[in-house]
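As structure tokens, one chain now follows by itself in the form predicted on its own.
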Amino acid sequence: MRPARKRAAKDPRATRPPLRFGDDPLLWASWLYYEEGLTQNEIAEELGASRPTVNAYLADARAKGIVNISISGEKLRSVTIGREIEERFGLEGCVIVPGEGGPRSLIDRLGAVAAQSLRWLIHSGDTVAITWGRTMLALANAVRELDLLDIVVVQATGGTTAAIDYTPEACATRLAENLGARFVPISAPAIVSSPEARQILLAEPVIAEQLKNLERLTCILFGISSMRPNSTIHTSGFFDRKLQQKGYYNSAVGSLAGRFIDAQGVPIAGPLADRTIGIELDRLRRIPKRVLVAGGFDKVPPILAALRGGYVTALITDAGTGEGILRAEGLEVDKISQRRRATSPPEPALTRSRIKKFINQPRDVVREALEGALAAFPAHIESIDGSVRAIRSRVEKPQGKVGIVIGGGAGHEPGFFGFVGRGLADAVVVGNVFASPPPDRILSCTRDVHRGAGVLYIYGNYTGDVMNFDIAADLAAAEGIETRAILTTDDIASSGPEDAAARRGTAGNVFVFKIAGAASARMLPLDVCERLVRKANFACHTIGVALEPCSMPDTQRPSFSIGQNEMEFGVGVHGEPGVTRMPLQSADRIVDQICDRIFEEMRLESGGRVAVLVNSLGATPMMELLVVNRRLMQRLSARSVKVHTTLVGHYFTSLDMVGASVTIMGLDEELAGLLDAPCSSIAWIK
């Protein structure tokens, strides 16, 4: 019997429409249904919504006049433009807004839609830069706090004349205020009098530190200026008319973050290049999310140049400007719409009911696997009394050393036997797949490791393990062997903080085993070892996510069913589903949800120190684990938390489950010292 599970709160952003359609799922559903010919089930899958929700969208679209047997031609044209721009320029998203209608100006409409899009563009832990101009200020003004954590807003360029309202300082300050973010200014002018003055300012420690933040950007929001006399680049005082008169920038079609580009997006190396303080275009192009917000007929050439130059990953513009971009590329919108109506039917989904495995007879798989382990690692482990289910370390155990016995069911390889060795556990007892080992084998391990100082049992908080280890403890006491038991409870998804003692033990076991082994190796007494191991357990916080279930050797079938666009959040390590099912998300968004939960539980503060484990649940390859680790490091860095130890790989699995878990262990000097102690086993050498 496992601990009771509680449903995790569903992320309200999980069912968002695709970026290119902003907050208009009715329009998107109408397009897919009436123009692309998708069924309501297929649309539900595309949107990450239920079929009844899609049905309601279509009904609302008809009621609101978006659809009258056919969709409004103007709205359809906007959708077509957005999709064509995305595909032609390789964008992640293109939001198209109406160019006319309503009391607001185009700049205000663009700013409002861009502000809405931030819900899906930026996430907790991001460092965001913003340039300046009328549209950027409209964007910053329209933003409302998004309930994000550890956001930093950086001013993308130095300052400009205070005669305008939309200075770099004003845009960045307002965005930071409305996001509840930390603001990093650039305490220098955007344009200085000479290259020598620029070098002097760049050498100033305060300015150098501020500019260093531009290297950590995950997103930049920027507008673009045309070269017309009334454009922002002129009215701000940024561009000296004398330079224009001398012809240095005759080939320029626009200015991006104070840098001039030609029609192909190539930077122009004029005299301002060595006098400008702010983000450089090469660095801008390396930022993962680069969002251009601009519209109006005069913006067609500079937007097109920015697209050609590869400066944009997402574009927010109006329908007229979007159509102008496509026409400048030699495309006719009406012909594009006709071409898009010819669609091919989706390929049928592939399903499987039986999982192929490298096994002989299912009843023999645990024994044969352990025989294989003993044969592979004779320098590390050996059987106790000829039983492959009771295994000890080959390291000598001096008299007076506290014995460390760990154990649980098979199916977690390299856990548990992978953590038997020098500076780790002394012995391990292994049960059947996901089943507790019996008391007699636990007692065999207890006798073998006892050196007169007592024995510490460490195992996961599962009913069968608790019962059998308790029986073994009673039997050991009858023989005069003192034992203490510590149940690992690191899985914070399985129960709330108010009932932490009921939580499951998962991959946090790995850190707990290490602390126990190090404390025992120092010849510390049983009371002290117990205290340190309990402290380590309380410091560990784990959440696991599965994309596909595991399959048991005896059935060779998935342990649960899950849709191809779903994931399980808060899984254990015994093949069970998670505490809640969610629409499938990107790696970064999955890690963000994990971090938000763990950070809140730990009350993780700036300046803290942690150890982290990014653990495969069986079938997730190292490549994907490293992607997870990348985002985890970004989130910890954004909170100014020091990572003392990082483990990435297969440490505590759930057979062949496609998934990963993240464990974060809070450290103080005592725990850090034990974690740093040397160890040597099959799974961990330090």
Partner chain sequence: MTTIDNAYLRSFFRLAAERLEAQRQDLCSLDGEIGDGDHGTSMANGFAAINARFRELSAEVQEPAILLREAASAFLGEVGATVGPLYATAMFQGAALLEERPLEQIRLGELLAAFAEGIRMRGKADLGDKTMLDAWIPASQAARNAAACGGDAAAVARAATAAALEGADTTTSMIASRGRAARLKERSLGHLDPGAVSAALIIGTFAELAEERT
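Positions refer to the first chain, counted from 1. Just so it is clear, the structure is predicted and the values come from calculations on it, not from any experiment.
If you look for the form predicted together with the partner chain, you will not find it shown, but the lines that follow are about it.
For the chain shown alone, residue 579 is a contact residue for the partner chain in the model of the complex, at least one non-hydrogen atom being within 4.5 angstroms. Contact annotation for residue 84: none of its heavy atoms lies within 4.5 Å of the partner chain in the model of the complex. Shown alone here, residue 271 lies farther than 4.5 Å from the partner chain in the model of the complex, counting heavy atoms only. Although the partner is absent here, residue 281 is not a contact residue: none of its heavy atoms lies within 4.5 angstroms of the partner chain in the model of the complex. With the partner omitted here, the residue from 509, 494, 615, 446 that has a non-hydrogen atom within 4.5 angstroms of the partner chain in the model of the complex is 494. Here is the short version: of 597, 198, 574, 450, the single residue with a heavy atom within 4.5 Å of the partner chain in the model of the complex is 574. If you check the partner chain in the model of the complex, you find a heavy atom from every one of 433, 552 and 560 within 4.5 Å.
Of the stretches 147-155, 510-518, 566-574, 85-93, only 566-574 has residues with a heavy atom within 4.5 Å of the partner chain in the model of the complex. Interface residues of 431-463, taken as those with a heavy atom within 4.5 Å of the partner chain in the model of the complex (partner not displayed): 432, 433, 434, 435, 436, 437, 438, 439, 440, 441, 461, 462, 463, in sequence order.
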